[in-house]
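One protein chain, two forms: both are listed below as structure tokens, the first as structure 1 and the second as structure 2.
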Structure 1
Amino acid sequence: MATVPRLLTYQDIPVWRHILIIQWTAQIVSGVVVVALVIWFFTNIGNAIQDRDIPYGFSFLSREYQTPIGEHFIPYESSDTFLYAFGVAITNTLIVAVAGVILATLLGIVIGVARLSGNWLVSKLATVYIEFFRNVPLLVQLLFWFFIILALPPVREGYVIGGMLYVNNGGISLPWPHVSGYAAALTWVALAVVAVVIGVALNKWLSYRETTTGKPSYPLIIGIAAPLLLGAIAWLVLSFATGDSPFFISTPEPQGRFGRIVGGFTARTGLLVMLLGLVIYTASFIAEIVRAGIQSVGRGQTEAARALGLSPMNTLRRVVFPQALRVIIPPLISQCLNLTKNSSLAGAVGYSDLTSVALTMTQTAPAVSIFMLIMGAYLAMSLTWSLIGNLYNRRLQFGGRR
């Protein structure tokens, strides 16, 4: 050691033997290599684009798209720009992704809990559901639901339930709230949000009171009833002050010689197929995640809760499931990402999502630029799901340490 120059040692250890120096050197070298490979890759792509005169750039976004979009949830005309049409397509994808994640999570929790049920029939049915839908490719399931809905009667001969619900091969039409006046509607929505916050605060306070005193406080019932009551009062006050309710219910009705449904909200075939396929498929994976999370909680926790007199449902809701969430959340985030990315299969069933609309755009705009926008959009959506999930998971972990 004495013969090694001091400049070649760190903490009296030769630099070529010090573990920290070796680790940092390996990371720096690997980082430089990765950056160099990325630069080389994109440089070659850029040179190939220029050599072959492949069109690229984003100036087309300000041009008129001049192509109809089959289904859109925000106002759209063919004279709108490529950029606006791109926003319409992203909105369609977001609606399927958000609604699909919520529904798949709820269904997955139910199936996962049913998988652990003491009832033999319920447990086996849940197992069959999981094993069947998890092992059949998603595209096959989407096409199956697509042809099932197409086999329904046409619009003029479709099923009518209660004079308000129309089911046919064009989709499902049902009553839907519409805005009477934007000022009153926005005011009521703001008051409803405040009511929900009050309901959440009441639920937490009553839960704390019930835990500390042992007296029944019914936090869940009161936490739900309070926002409903406050929302109803705000509705009545606004209706009396403005002379009209903030929203009105539009009911669907057939019109014209072809029986076209007007009014209400119509979930068309493509949207129904995407929600059915994505929710049922993803829920089978979430169910296994929930089952594994519940089984990760020690059996002693359940026995202790039952010894204190908690019912099986309260044991699951108050003791087991909160602890299982720490195991459930990380893989659940991955399933949210998978559902969002799997929505790109919508073109196979005629739903105008981001990918299908962008593919149509490539006929009149640079394909390279469009696919760069697609990748950026899906990356942004996936990172958003990751951020939400990681923040919630961090809150759970922090709460557990506290």
Structure 2
Amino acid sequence: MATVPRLLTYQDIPVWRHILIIQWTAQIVSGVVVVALVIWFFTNIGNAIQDRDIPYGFSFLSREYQTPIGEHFIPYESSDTFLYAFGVAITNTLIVAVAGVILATLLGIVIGVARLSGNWLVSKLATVYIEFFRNVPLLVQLLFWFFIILALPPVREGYVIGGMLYVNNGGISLPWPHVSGYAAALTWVALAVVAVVIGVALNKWLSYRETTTGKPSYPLIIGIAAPLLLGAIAWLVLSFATGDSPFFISTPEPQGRFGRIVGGFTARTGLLVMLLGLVIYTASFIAEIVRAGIQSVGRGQTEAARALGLSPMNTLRRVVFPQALRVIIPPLISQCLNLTKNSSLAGAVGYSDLTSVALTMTQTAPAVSIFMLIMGAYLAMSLTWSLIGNLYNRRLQFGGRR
């Protein structure tokens, strides 16, 4: 214990000039100042709320929302509670975010590869795409797509393709599978799990066989086709056994004097515009990330693979891309996060995302509480993305530093 005072007075340096003392004083002072500021800020807000009779608290969450939500993918009635409506809004945001991320990644990879294509026309076209779409604000693009979609004919004069696909300015309607009942749904969930397990197992085994024996085994195709085939057989067997089909495909059909389309699945105007805008915008960033990733793999890798007789496609898929992924994934994750956050612009084009619904809620519920809920929800989403990124990074590091 006597070491502490000696340490502090080392070589006759006064105590207050000791690095530890300086550092900790600075830290404590800055910490106290920041905490004091935060407390001051929120106390003031609390006071203002009381002085101005502004409603607050979270009791509203169990009240009926009573307001329509334009688009919802889980059942919603106006008699549902605020809490449930909030869940509906989060679902809407998640759907646009997940679908957007998948589509944007696919498009981004295609365009990123196209930019490096040996075909001059394709590579220039990809460059123009990237340079245009990533340099124009997303809001402008969304508003533009909104007008493009609205310029389609209205529902009664819309295009019908093959009697199944309806395209009009109200959205795109297409046939969609529906499950007949609760019991059937459970059966299908169980079957789906079995099918996925079989598919994954097949995929693993076939790729192992391919890499060890060199026989072409098509692991991806078989891995996907086998579960689908299994599903089809199960459907036939179940229909035969139970007498009626456990799930049916509902086709969209115009109904009533207004020709409203009932049945199937309708991706409405707002969702379409959001997907178009988000995917096209984000893909331009992802394309650049993919390009940088591919370029980070040494030329020697490509040349060696070609020398071994791999086709250009296989070189890309089996040699270059797996190595490029290491560079690609971290910024890709941050683009996914950006896409999720950018979906908050949905209000401008009439899609009922989290922000838009929450803003409507401020009409009948305390704004301060609503803001806390929005912040919490978005922070949770972004932390999830960070988590995914970190997990992936850890896996890569284990594999990479053997």
Partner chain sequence: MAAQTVPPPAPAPIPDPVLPPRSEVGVTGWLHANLFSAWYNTVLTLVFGLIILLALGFGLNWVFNTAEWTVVVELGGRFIIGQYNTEAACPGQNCFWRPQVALLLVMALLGMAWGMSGNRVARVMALVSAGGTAALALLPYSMETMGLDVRLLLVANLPALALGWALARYTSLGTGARIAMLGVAVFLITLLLLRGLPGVPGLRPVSVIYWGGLMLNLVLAVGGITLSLPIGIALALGRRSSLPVVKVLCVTFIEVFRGVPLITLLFMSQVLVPLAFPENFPLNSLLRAGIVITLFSAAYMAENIRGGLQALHSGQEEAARALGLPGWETTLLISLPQAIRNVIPAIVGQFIGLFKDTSLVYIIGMLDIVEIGRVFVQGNAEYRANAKEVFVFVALVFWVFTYGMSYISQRIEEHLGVGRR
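Residue 1 is the first residue of structure 1, and the numbers go on in sequence order from there. Quick caveat: nothing in here was measured; it's all calculated off a predicted structure. Basically, rigid core = biggest C-alpha set you can superpose within 1.5 Å across the two forms.
**Of structures 1 and 2, the one that is the form predicted together with its partner chain** = The chain shown as structure 2 is the form predicted together with its partner chain.
**Request:** Please check if residue 330 moves between structure 1 and structure 2, taking a CA shift of 2 Å or more relative to the superposed core as movement.
**Result:** The answer is no; the displacement is under 2 Å.
**Item:** Post core alignment: residue 300 C-alpha displaced by 2 Å or more between structure 1 and structure 2
**Value:** No; residue 300 is a residue whose C-alpha shifts by less than 2 Å between structure 1 and structure 2 when the cores are overlaid.
**Prompt:** After the core is matched up, is the C-alpha of residue 181 off by 2 Å or more between structure 1 and structure 2?
**Reply:** Residue 181: C-alpha displaced by 2 Å or more between structure 1 and structure 2.
**Per-residue CA shift, residue 234 (Å; core superposed between structure 1 and structure 2)** = A shift of 2.8 Å.
**Message:** Rigid core superposed: how many angstrom does the CA of residue 38 shift between structure 1 and structure 2?
**Reply:** With the rigid core fitted, the alpha carbon of residue 38 is displaced 4.1 Å between structure 1 and structure 2.
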